[in-house]
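A single chain, nothing else alongside it, follows as structure tokens in the form predicted on its own.
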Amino acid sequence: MKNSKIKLMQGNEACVEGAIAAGMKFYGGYPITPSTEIAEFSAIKLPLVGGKFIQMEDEIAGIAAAIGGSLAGLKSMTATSGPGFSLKQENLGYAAIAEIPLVIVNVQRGGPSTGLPTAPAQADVMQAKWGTHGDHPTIALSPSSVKETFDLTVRAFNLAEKYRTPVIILTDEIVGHMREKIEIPDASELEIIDRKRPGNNEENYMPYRVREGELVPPMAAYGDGYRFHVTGLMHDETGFPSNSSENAEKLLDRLMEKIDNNLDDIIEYEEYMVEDAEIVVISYGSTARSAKSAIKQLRSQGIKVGLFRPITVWPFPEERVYELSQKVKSIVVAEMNLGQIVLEVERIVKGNCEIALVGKANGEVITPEEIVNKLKEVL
């Protein structure tokens, strides 16, 4: 990469660098450990690119402001951790039904409630999927390194803009606060996707009218000259509320299909030494780093173990996990909680192989040795 920059960078800083590279022009949020550096770096860097930063009075107002920024035509982001993520759920659902592009970063920490503010966890993965009420589309990405935090933040904005939907980045205290060498690519080398806008001469613009064969409607911004309505109620293509059950079904089907019909574009994962593996470890985020170390140790002893790392946590890569379950003796899920993604794996596998969990929720990282010990148990 001829014009790339090499830096020693913290994960939370890389998130902001990725957001700026993707075109973020508005940040609305509220400081909370261990995500606060994202707000701090945004406050410093956004004005340098003509963007706006605002610290709101609480977490609810933070995501509400970011929603407003997006409706005004600006790529917008907010960031938080466990308790704040809980507070943001109502407005996350609003963004989903109103189809407002938005990136929400959750630097996970120990919970529930105030829990362990400075300690890592991965216990918000199910909340990312089901936290807001009602059926709704969900995209959530989980980086495991500083460089991947940069890359996935760019990708999160691209997915949000392409599919007119909120996208969640599920990082954690370890990834957020670690420092690693990162090569920041030149802007010309990045794929940047912007939301589809209505045509210049489009008359009778309707904010939720889709063209034949398409699932994502063009999105005008407040100030573009169009008059349109946005609501959290079930609505028709005009944006105004509708109590029609037929219309509600049509709207929800489209909201889900714009994700479900594009899984090949959205889902991303990493495989490491799975070709001949008899046991596969499924792990994500920072815990996947311990899992990879454990696998290297066991491979040196001639034990055939591999790693499957979901990068896109939601939608979950069901098809590939099912394929792997037909080839291996056991799957071991390693995650910093007491069992969340393991339940998804059990549902998908349908008894094809044994399932085991390495879980931890005391604020300590899962070590490679703990994963090695569990793998030796299931041999």
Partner chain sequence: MTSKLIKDYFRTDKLPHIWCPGCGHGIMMRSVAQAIHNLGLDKDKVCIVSGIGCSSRAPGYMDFNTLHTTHGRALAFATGVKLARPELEVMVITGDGDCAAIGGNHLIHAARRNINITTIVFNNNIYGMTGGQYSPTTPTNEFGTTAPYGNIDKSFDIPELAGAAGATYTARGTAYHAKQLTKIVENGIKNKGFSLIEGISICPTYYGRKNRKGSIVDMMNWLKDNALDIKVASKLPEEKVKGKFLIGEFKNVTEPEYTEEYMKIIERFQKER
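Positions refer to the first chain, counted from 1. Computed from a prediction, not measured in an experiment: that's the story for all the values here.
One more form of this protein should be noted, the form predicted in complex with its partner chain, which is absent from this view; the next part is about it.
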Practice item. Using a 4.5 Å heavy atom cut-off, state whether residue 71 contacts its partner chain in the predicted complex. Key: yes
Check your understanding: Applying a 4.5 Å heavy atom distance criterion, does residue 211 contact its partner chain in the predicted complex?
Key -> no
Point to revise | Touches its partner chain in the predicted complex: residue 231 (any heavy atom, 4.5 Å) | key: yes
Check your understanding: Is there a heavy atom of residue 225 no more than 4.5 Å from a heavy atom of its partner chain in the predicted complex?
Key -> yes
**Study point:** Site check 47, 53 and 64: each within 4.5 Å of its partner chain in the predicted complex by heavy atom
**Key:** yes
Check your understanding: Of these, 240, 130, 205, 269, which has a heavy atom no more than 4.5 Å from its partner chain in the predicted complex?
Key -> 240
Review point. Looking at 116, 221, 252, 178, which has any heavy atom no more than 4.5 Å from its partner chain in the predicted complex?
Key: 221
Check your understanding: Where, among 254 to 262, 144 to 152, 90 to 98, 293 to 301, do residues come within 4.5 Å of its partner chain in the predicted complex by heavy atom distance?
Key -> 90 to 98
